[in-house]
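The chain below stands alone, shown as structure tokens; this is the form predicted alone.
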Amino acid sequence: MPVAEGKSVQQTVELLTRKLEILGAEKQGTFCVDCETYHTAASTLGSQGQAGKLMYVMHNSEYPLSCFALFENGPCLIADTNFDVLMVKLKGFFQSAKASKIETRGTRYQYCDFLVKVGTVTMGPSARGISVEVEYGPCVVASDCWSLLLEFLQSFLGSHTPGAPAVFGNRHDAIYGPADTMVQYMELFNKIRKQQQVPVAGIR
């Protein structure tokens, strides 16, 4: 979600949450999704001039006992929370990128069968953008309810309503799972990282 013209990230989040509350959505606690980037250790690349691979280790408060490890354009591994300890032991192969931690935190709202999470994306101490996640509880095949999701999104996002996520295209009739959500958060975080040199009010 882009930052509203002349508003800060926090003011835009407040505008969105006010719209949801006017619709009749009720607060259902908070949420957090975080992501740390690891790159292939230089010692494992050899002298072939190979490009290092990036791996993203992520957590989602909706799945408190799980840890997600994603390769860009690759598979998503779902492990238990001890995976973080394993990453420390693998420092000879993967090293944490400095100042790479990015997260989104915010409020969960329930509106009938929809669960909506509006969060502020932060890197270090500063707000970098806004995340909006919408889930339609009764349906597990995302493409079957995309029209309904779209209609609901338009009710409070207006012209900023996104197109269908890329993750839908590859798995048209597949059952939607937690890994699909984490792939979308990874894509969002990478997009925000690339825009980090741009002043927040200038993001469109």
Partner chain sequence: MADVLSVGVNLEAFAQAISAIQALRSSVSRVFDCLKDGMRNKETLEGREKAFIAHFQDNLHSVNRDLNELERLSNLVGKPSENHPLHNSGLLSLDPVQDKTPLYSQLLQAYKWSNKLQYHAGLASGLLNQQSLKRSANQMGVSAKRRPKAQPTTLVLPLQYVDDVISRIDRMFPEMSIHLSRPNGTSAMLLVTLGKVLKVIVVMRSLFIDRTIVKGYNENVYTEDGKLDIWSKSSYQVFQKVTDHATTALLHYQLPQMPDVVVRSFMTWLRSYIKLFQAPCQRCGKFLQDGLPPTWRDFRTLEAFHDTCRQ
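Predicted model, so just to flag it, every value in this text is computed and none were measured. Numbering follows the first chain given and starts at 1.
Another form, the form predicted in complex with its partner chain, is not on view; read the next lines as being about it.
J.: Would you mind picking the one in 145, 54, 69, 179 that has a heavy atom within 4.5 Å of its partner chain in the predicted bound form?
T.: Looking at 145, 54, 69, 179 one by one, just 145 meets the 4.5 Å heavy-atom criterion.
J.: Of these, 77, 112, 90, 97, which has a heavy atom no more than 4.5 Å from its partner chain in the predicted bound form?
T.: Only one listed residue qualifies here, and that residue is 112.
J.: Could you tell me which stretch in 32-40, 156-164, 59-67, 135-143 has residues with non-hydrogen atoms within 4.5 Å of its partner chain in the predicted bound form?
T.: It is 135-143 that comes within 4.5 Å of the partner.
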